[in-house]
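As C-alpha cells, one chain now follows by itself in the form predicted on its own.
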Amino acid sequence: MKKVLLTVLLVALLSVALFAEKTITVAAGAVGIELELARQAAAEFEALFPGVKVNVLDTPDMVQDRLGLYLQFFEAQSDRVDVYQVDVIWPGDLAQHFVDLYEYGANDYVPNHFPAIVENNTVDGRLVAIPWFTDAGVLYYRQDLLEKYGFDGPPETWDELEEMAHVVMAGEKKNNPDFWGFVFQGNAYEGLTCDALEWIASNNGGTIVNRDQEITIANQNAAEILEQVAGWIGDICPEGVLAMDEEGARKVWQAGNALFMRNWPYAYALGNADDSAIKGKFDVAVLPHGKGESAATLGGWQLAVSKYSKDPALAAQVAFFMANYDHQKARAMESYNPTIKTLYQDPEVLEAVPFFGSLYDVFTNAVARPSTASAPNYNEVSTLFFKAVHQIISGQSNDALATLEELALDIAAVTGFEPVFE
C-alpha cells in the first residue's frame, strides 16, 4: 500500500506545477474527533504539496441535515465542495453527482479494501466513492458495575439487559440520581433507523424491505420488540433518550451516568481519554438479541469527488491520500474502523482497540439498511420508518402493529413495492 501511495505522490510531485495555487474543499463530519483527524490529514497533504490548500468544511452531525446541505450544493451544481464525506447508504442515490474514481487511479487502491464496501460504492460499474471508515453498532457496558452487582458479563438478550439495568440502577441511583440503565440514539433521524433495525432484525422481524423488494416491516416480531423498547423509556432509559443522537448518548455515558450504551466504535477511544469519568471501567460487546441472533447495523463513510469540482483530478488525489493506509491506521488508533483489511491484524491497532480483533466478524457481517433495494427512494423510506418507530417508542402510538401496517402502506406509495402483512 505504501509503495502504491509513494508512486502516486511521485507522479503528483512531477505535476506539482499543475497544482500550484489550488484549493480543494472537503466536506467532513464532526462526530467525536472526526473533524480533527480530517484536518490533520489535510495539513499533511498541504505539507507535501505547498501549492495546494485543503480546506475541511464542518458539516452537520445529523445525517438528514448533512444530506440536505449536500443536496443544496448539487442542485446548484456548486463547485464550492470538491470532496464529500458520504454515508454508506448514499452512493446509489447520489451517484449522478460524483465522478468515477477509476478514471483517476482508484484501481491502485481498491484491492486493499473490504470487497463488500467497494461493491456498495460501485454504481453501474463506476466507483463513486473510496471507502474511508466502516462502522457497526456495538454495546458499551460498565464492566466494573456489572461485577459490583454480581453479573459475570454483558447481556446476551434484551431481556437480560433490562434485568441488569434494573438491578444496577436500584443501587447506583442512591448516590447518583442521574444514573440510568441504557442510552441509545432515540431521536427521529437516521440514527434511530440504525438502532431500530438492530432491534427488529435481532427479533426475527426482517429488514424493513427485503432483497426481493417486498415491504416486510408489518409483522408481529417487529411490533413486539418495538413495544418492549417503548417500555424502557422512563424505566431503564431517561425520557431524554428520545432526543439523543450519537454524541448525546456518548456524553451521558462518558460522564458515568449509564450502565449500557449502544453506539459506534468511535466512542471507545473517547471513553478511555484522560478526562473521561469511565476510563478503564468499561468494555465493548456484541449487541443483545431477541428471538433471533444479534444484529449490528452496517454504517460507515466514504469519500466521493464532485463532478462539479473545478479540479476533479486533484480532488481525487486528496481523497485517496486521506483514505490511505497510514491515515486509516491513525484513525483506527482512535477507534474508527478501517476499511483496509490488513489493519485488523496490525499489532498497534489491536493494542489500542482490542475489540477490533474480537468483534471482527461483527464488522464484516453487519446488517445493511435497505438502501440498495429501495434506491433511489431510500431517504424517504428511512424517514417514514424512523418517524413511525419514534411514534411507537415515545408512546404516541399505542398499537405498534397497526402503526407498522400503516408504515408499510406509506412505503408502498413511495416505492411501488408490495407490502407483506403477517
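Computed from a predicted model, the values in this text were never measured in an experiment. One rule holds for the numbers: they count along the sequence shown, beginning at 1.
Note that the form predicted together with a small molecule isn't included here; everything after this is about it.
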Worksheet item: Does the trio D87, Y189 and G299 actually contact the small molecule in the model of the complex, every residue with a heavy atom within 4.5 Å?
Response: yes
Worksheet item: Within a 4.5 Å heavy atom cut-off, is C194 in contact with the small molecule in the model of the complex?
Response: yes
Fill in: A373, heavy atom within 4.5 angstroms of the small molecule in the model of the complex
no
Item to complete: Answer yes if any heavy atom of E246 is within 4.5 Å of a heavy atom of the small molecule in the model of the complex; otherwise answer no.
Response: yes
Discussion item. Taking the small molecule as it sits in the model of the complex, is D135 near enough to touch it, meaning that at least one heavy atom pair lies within 4.5 angstroms?
Written reply: yes
Worksheet item: Of these, 275-283, 175-183, 108-116, 300-308, which stretch puts a heavy atom within 4.5 angstroms of the small molecule in the model of the complex?
Response: 300-308
Worksheet item: Just one of A41, A366, V63, V353 has a heavy atom within 4.5 Å of the small molecule in the model of the complex. Which one?
Response: V63
Response to the item:
If we test each of W199, W264, W253, Y141 for a heavy atom within 4.5 Å of the small molecule in the model of the complex, the one that passes is W264
